[in-house]
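The chain below stands alone and is given as structure tokens, in the form predicted alone.
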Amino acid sequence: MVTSRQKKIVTEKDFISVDIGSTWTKAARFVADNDHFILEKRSVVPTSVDYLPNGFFEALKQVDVNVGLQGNDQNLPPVFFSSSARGGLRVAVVGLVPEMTLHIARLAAFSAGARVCAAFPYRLNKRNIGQIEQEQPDILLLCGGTNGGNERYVRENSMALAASNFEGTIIYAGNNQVEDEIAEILAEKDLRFSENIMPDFGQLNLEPARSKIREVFLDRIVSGKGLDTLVTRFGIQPVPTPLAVFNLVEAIGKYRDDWQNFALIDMGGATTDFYSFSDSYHPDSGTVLKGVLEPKAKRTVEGDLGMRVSANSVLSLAESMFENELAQYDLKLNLMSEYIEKLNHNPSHLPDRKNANEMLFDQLLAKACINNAMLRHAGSVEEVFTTSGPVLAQRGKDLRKIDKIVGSGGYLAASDHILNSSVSLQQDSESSLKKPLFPTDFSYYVDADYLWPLLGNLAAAYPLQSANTAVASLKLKQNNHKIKVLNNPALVNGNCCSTITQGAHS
């Protein structure tokens, strides 16, 4: 069902969309027909890591034979492109209170398509500075204090950064009363100012920081490995791939009345991105909201959860879960460790369908990635005691009304269904058990042709057509799937001992 809200109705116009990933470069040619796009051609080629335009043009030639490295572009349709190559956009965030300004800073970075590689509350110490110098993120988002509020921490953190060897861009989005001081302290750094992400207590102001992050992406990141060549030739700026997908998620929520509560899981070799579109808090839920009211559209990305590049960290994170699962097949953890070592040497390896063990190991990796990504994305509820008696306090986003989940990325696009539905709860102390606010009853779809990133490139300019085409491109795999939530007092550090995914590579 299409909403009555209309925007940019176009008729019979071609568009080309290209996404440059870390491993694969995808391209598609679409024809616009009123309120949707028609897919004409699609191509996938290996990403040319050393010089990105080579793979870009190879993919482009397969959807338009008249284009080449030195071709005539006069008859070429408009080209839109995104990139997550070079490891994506890496951001470190520095805030004040973990559940307030630091949390909001992370939301701003995630929604701008960045990967948060480090986050620090309160005052930066020598160890924190050392980590920033070692990571050398593209951007450091410096926040803290409401307007007219706390000045001490942002001042002291600015001094620590001024004395550091950090070479990236610093975006200041904190207390506006000390901007002049911050400018003097960080005069030798690449410093840019944005509006305060929390101008008043509990008030979110994400868009200015998001825009500033995108501006830095265009200024600093695009010049790497030939992306500036593409900008000059086609006259259009790229976007980070996660931002393109985020724009599509927002467009679907805005233009599809039947997609008001959905989630997207994009699981790759290095990261697992989790997107949700739904109200964060329901006043009729019997809970009291603590902390900030999160936005309707939310993205998180977990850099330690991936099927290949990050497989070692997944093994460390979910070791006990793997041991329990493998024991059911009379297998030992060392066999899975050997498989992960093989992946380290050859991240493009896919298990042979005839090799039951390798198929199982991939399933377990996917289980751990999805469970932990969902656990970190979802809010939680716990019983707290007040002067008026016990109440249920919610922190973060309530996903219980999510009724559709989309799987994207290589493994999920090839998976037949989501199965196995016992999910453990995270207990942070003997007296307080947090219940994660997971989806409980949903239909599962897959982006089998991996069109969503490509449609995301068009979503900012043509949201209606992109939203309708994205929904129409999905394949329904399972109706009315349910997650049964089980208590598990032994659960620690976010490790889940069960999962929601099972399937096989195509």
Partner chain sequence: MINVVLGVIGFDCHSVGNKILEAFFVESGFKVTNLGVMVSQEEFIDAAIETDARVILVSSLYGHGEIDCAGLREKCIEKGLENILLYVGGNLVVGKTPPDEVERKFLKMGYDRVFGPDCELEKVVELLNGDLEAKKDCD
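Because the structure is predicted, anything quoted here is derived from the model rather than measured. Residue numbers count along the first chain shown, from 1.
There is also a form predicted in complex with its partner chain; it is not shown, and the following applies to it.
K.L.:
Within 4.5 Å of its partner chain in the predicted bound form, heavy atoms considered, which of Thr386, Gln328, Ser316, Asn346?
P.N.:
Selected residue: Thr386.
K.L.:
Could you work out which of Met100, Ala413, Leu360, Ile185 is the residue within 4.5 angstroms of its partner chain in the predicted bound form, going by heavy atoms?
P.N.:
Among Met100, Ala413, Leu360, Ile185, a heavy atom within 4.5 Å of its partner chain in the predicted bound form occurs only for Met100.
K.L.:
Tell me, yes or no, whether Leu96 is in contact with its partner chain in the predicted bound form, where a contact means a heavy atom of each within 4.5 Å.
P.N.:
Answer yes; at least one heavy atom of Leu96 falls within 4.5 Å of its partner chain in the predicted bound form.
K.L.:
Taking the shortest heavy atom distance, is Phe110 within 4.5 Å of its partner chain in the predicted bound form?
P.N.:
No, Phe110 stays farther than 4.5 Å from its partner chain in the predicted bound form.
K.L.:
Give a yes or no for Gly145: in the predicted bound form, does one of its heavy atoms lie within 4.5 Å of a heavy atom belonging to its partner chain?
P.N.:
Gly145: yes, in contact with its partner chain in the predicted bound form.
K.L.:
If we define contact as a non-hydrogen atom of the residue within 4.5 angstroms of the partner, is Asn205 a contact of its partner chain in the predicted bound form?
P.N.:
Contact with its partner chain, no.
K.L.:
If contact means a heavy atom within 4.5 Å, which one of 162 to 170, 197 to 205, 252 to 260, 399 to 407 is the stretch that engages its partner chain in the predicted bound form?
P.N.:
It is the stretch 197 to 205.
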